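A lone chain, given as structure tokens: the form predicted on its own.
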């Protein structure tokens, strides 16, 4: 029974079935969603990390792979994120109490001068769905804000997002400022105008065109 619930929860995440009241997707209308199934699993004694690894991460990986191959689009990711957050609402108390463990922490922000947040939000969604704690600084984030967050969350990774060619220069300044103060901090960059060549030029530790690519890199590094 537990295995069937985990498989169904993964489907709820992948397809964006938030809760029983949600009408989407139509073929699951009236059935329990991510919220109810997660609560049932916890009530039955299933470990939070088990739910995260065997259901939430599975569902997020599936939708991430579909997105990467062009079979799913940003709206599909956003509805999947709603289902994932509905499930995470039940799991968060266990992570915050120490009953379950995060894989690590990543500090996220769209760099100074840039107020676009969809790429950053997608990265946060995928990272949290794969067991990471995300510290989201929002948009238009300065080097000083990133450095202050690193003082509060030492040993974190940093993820920088930029959607404009004009704000890519700020990404370079922020990367250099972080490396000057904390050379061991790994900085990953993403955004439509970026490339691996730009990553190498500014001294960041990796460019990933999709959130799932970053997750895959962290899983194997």
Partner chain sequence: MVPSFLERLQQGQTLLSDGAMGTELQKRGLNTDDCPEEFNLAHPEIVQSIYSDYFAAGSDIVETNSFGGNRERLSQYGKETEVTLFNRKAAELARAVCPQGHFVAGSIGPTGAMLEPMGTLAIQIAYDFFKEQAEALAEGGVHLFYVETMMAVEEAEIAVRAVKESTGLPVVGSMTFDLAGDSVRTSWGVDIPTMVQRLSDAGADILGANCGNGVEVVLRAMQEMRPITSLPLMAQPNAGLPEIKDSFIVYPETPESFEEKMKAVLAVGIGILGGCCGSGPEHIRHLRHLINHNKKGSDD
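Computed from a predicted model, the values in this text were never measured in an experiment. Residue numbers count along the first chain shown, from 1.
What follows is about the form predicted together with the partner chain, which we do not show.
Interface membership of residue 168, defined by any non-hydrogen atom within 4.5 Å of the partner chain in the predicted bound form, is confirmed.
Not displayed here, the partner chain is approached by residue 113 to within 4.5 Å at the level of heavy atoms in the predicted bound form.
Under a 4.5 angstroms non-hydrogen atom cutoff, the partner chain in the predicted bound form lacks residue 30 among its neighbouring residues. Although the partner is absent here, residue 183 lies well away from the partner chain in the predicted bound form, with no heavy atom inside 4.5 Å.
Every residue of the trio 75, 79 and 201 has some heavy atom no more than 4.5 Å from the partner chain in the predicted bound form. The stretch among 169-177, 148-156, 183-191, 45-53 whose residues place heavy atoms within 4.5 Å of the partner chain in the predicted bound form is 169-177. Residues of 35-70 placing a heavy atom within 4.5 Å of the partner chain in the predicted bound form, in sequence order: 69, 70.
Relative to this form, residue 132 and residue 74 separate from one another in the predicted bound form, with their C-alpha atoms ending up at least 3 Å farther apart.
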